[in-house]
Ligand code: 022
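Read the single chain below, which is given as structure tokens and is the form predicted on its own.
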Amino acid sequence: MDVKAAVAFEAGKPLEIATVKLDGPKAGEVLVEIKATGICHTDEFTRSGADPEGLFPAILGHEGAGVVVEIGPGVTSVAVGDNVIPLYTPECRECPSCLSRKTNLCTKIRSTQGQGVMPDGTSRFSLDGRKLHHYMGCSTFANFTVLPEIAVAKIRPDAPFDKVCYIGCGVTTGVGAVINTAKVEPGAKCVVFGLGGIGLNVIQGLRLVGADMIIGVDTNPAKKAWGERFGMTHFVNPKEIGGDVVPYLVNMTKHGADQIGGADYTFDCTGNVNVMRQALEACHRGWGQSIIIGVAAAGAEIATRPFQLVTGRVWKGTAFGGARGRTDVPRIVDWYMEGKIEIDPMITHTLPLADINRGFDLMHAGESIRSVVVY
């Protein structure tokens, strides 16, 4: 079938709108009509050429929502007409990782997903006979896409596509890092570095679990109002404090009579390795945890003095907020529909597919939290 897509033909170039061919689903696959898709920093990371594993030409996009319109042989967990969210982190419930219950990083289709193809080693997308790569197993920058059954989460039918598509990455990553990875307890003192789309979702996750002090750190003063809207209690702009941000934060978070400072939990949402170090060193000695969410540039390395770790601080990483997609994503959609978390204010721009490159421009200019393309 012919579908409309935004194609990344070369690294560093704007996406081009084209009519491409999409083959139907094979065994264990589903054809989904994408109704809306968010434009995420990860898409830009690949489009820009900074992603060492980026493949071209490709149809990017991984933060979508839509409707199942056809199923391949053997598909049992979803049916035609079901509303779904594509999952770049699938959940097969059969591989050693899924069965371990220790990680959400399903390995069932990891190798082919990284090669930009479906599990059988072929692509469903082509243009003039030339193969187009799938992206993160999703390719939601097309108005129809084919996905493995294990890479779609069935959601309730009354959830608005142009809002819950954001749960396909940003919301789940931020909220999940708080609940699944850090397991933040009520009353905790926390610091969030970087108040973009992920950081704001970390903040509302902290509010959801009852954190007592939620400090947002960002060099953009406009982010203060955004953070406060989602539950931030204190704001720190490193450019305005006149010194090192680490001792400043440690002093802000002093605990009890012993006056030993440091946050119980910190979260890096910047992808900057220097900030990652600051986040770790702003943790409380003995029990502080620092969660790395941001994706650093290719070849970047993190560093700290061993003393920081010997004295009990913990560095953790998280992917997709530690969420098991088919299990947890429908629950997060319910939280949104029940008013426990907010999404609407973060969707700052809604665009047609023809204007998708403007969404990337808005991201670079810092004018958007999330732009959503509606088909």
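The first residue of the shown sequence is 1; numbering continues from there. Note that the coordinates shown come from a computational prediction; the quantities given were computed from them, not determined experimentally.
A second form of this protein, the form predicted together with the named molecule, is not displayed here; the remarks below concern that form.
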Each of Ala36, Lys154 and Met337 having a non-hydrogen atom within 4.5 Å of the named molecule in the predicted bound form: is that the case here? no
Interface residue in the predicted bound form among Met136, Val184, Cys283, Ile167, criterion: non-hydrogen atom within 4.5 angstroms of the named molecule: Met136
Pick from Phe230, Tyr88, Phe161, Phe144: which has a non-hydrogen atom within 4.5 Å of the named molecule in the predicted bound form? Tyr88
Is there any non-hydrogen atom of Gln289 lying within 4.5 Å of the named molecule in the predicted bound form? no
The named molecule contact in the predicted bound form: Arg110, any heavy atom under 4.5 Å: yes
Report whether the minimum heavy atom distance between Cys40 and the named molecule in the predicted bound form is within 4.5 Å. yes
4.5 Å heavy atom contact, Arg313 and the named molecule in the predicted bound form: no
Taking 4.5 angstroms as the heavy atom distance cut-off, pick the stretch from 300-308, 110-118, 145-153, 125-133 that is near the named molecule in the predicted bound form. 110-118
Select from 13-29 the residues with a non-hydrogen atom within 4.5 Å of the named molecule in the predicted bound form and write them out in sequence order. none
